[in-house]
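In the block that follows, a single chain appears as structure tokens, in the form predicted alone.
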């Protein structure tokens, strides 16, 4: 009887013409492609939905762009309703810029301390502790701001405590982990030879830091700051709890104000879908989304400059 010389592997190959790893590759490609198509569809749907709702204020309800972006009176329930969103846009930019001004020096100093001064202690203890702050819910930050920062400002600075200043302080604490983490990663990724070359030329540690290290990682530091500003601009609950939610442009850090996010969260549940007031809130959401796109564009430009 004639015996076959076919090995078991060859027999399996003949029975199933494709190798196992090729099948796994195809399954992986198909799975990831489906996920990417799903994500793209979700993103496009969200952008279309928010845009269509936001534009309805001007295209359907007849509110002028000038009144919306430059008007200072927000009174949608009056006999002659007005939809001036300038106080909210101004409030959002004020708390965002102030929070970045407060948090950026602290975050960059903390990153320098963790990577340049005490790298072993910073990497084992400080960095995990700072990253832990990013996991705290925003309502906790708002509650701390309402219980600690607002009374402190009321007793030691003046006013009611609530306002732009309290909102900026709460937001600065919230964006600290974001800026610190990006700055620490950028500093840690620098080639060691760069510092050693500076030391070899006779520079001290601080001269190396502010003349070599910081200028080299400046685009990455700016990226971290913009990321922090993007988070601050979109934060709603914590700011809403301490800013006072008053629809006017503040002239002092101790005056109550409101932001785009706070007026949306306060008003969205009390308006009927399709009403002019509801559409005006969607227009504010559209402004928030466009500002997010601007932040992302700035981050991309900074990353491109960093690669160069």
Partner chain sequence: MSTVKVNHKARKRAKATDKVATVLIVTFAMAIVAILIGLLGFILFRGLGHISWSFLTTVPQTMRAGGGIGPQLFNSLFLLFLTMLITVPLGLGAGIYMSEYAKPGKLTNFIRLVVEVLSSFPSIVIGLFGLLLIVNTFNLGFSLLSGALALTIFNLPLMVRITEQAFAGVPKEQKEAGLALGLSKWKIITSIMLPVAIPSLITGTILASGRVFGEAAALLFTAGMSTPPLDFSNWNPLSPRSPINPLRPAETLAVYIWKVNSEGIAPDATQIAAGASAVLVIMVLIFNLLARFLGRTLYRYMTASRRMN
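Remember, it's a predicted structure, so these values are computed and weren't measured experimentally. Positions refer to the first chain, counted from 1.
Quick note: we don't show the form predicted together with the partner chain, though the next part is all about it.
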Item to complete: Just give me the single entry in 264, 56, 249, 253 that has a non-hydrogen atom within 4.5 angstroms of the partner chain in the predicted bound form.
Response: 264
Worksheet item: So which of 191, 158, 215, 202 gets a non-hydrogen atom within 4.5 Å of the partner chain in the predicted bound form?
Response: 202
Worksheet item: At 4.5 angstroms, heavy atoms only, are 119, 222 and 304 all close to the partner chain in the predicted bound form?
Response: no
Worksheet item: For the chain seen here without its partner, which of 181-189, 67-75, 122-130, 81-89 has a heavy atom within 4.5 Å of the partner chain in the predicted bound form?
Response: 122-130
Discussion item. Test of understanding: in the predicted bound form, would residue 28 fall inside 4.5 Å of the partner chain by heavy atoms?
Written reply: yes
Worksheet item: Contact between residue 106 and the partner chain in the predicted bound form at 4.5 Å, heavy atoms?
Response: yes
Practice prompt. Mark residue 50 yes when one of its heavy atoms lies within 4.5 Å of a heavy atom of the partner chain in the predicted bound form, and no otherwise.
Written response: yes
Worksheet item: Taking heavy atoms only, is residue 152 within 4.5 angstroms of the partner chain in the predicted bound form?
Response: no
Worksheet item: Counting only heavy atoms, which residues in 227-260 are within 4.5 Å of the partner chain in the predicted bound form?
Response: 234, 236, 237, 240, 241
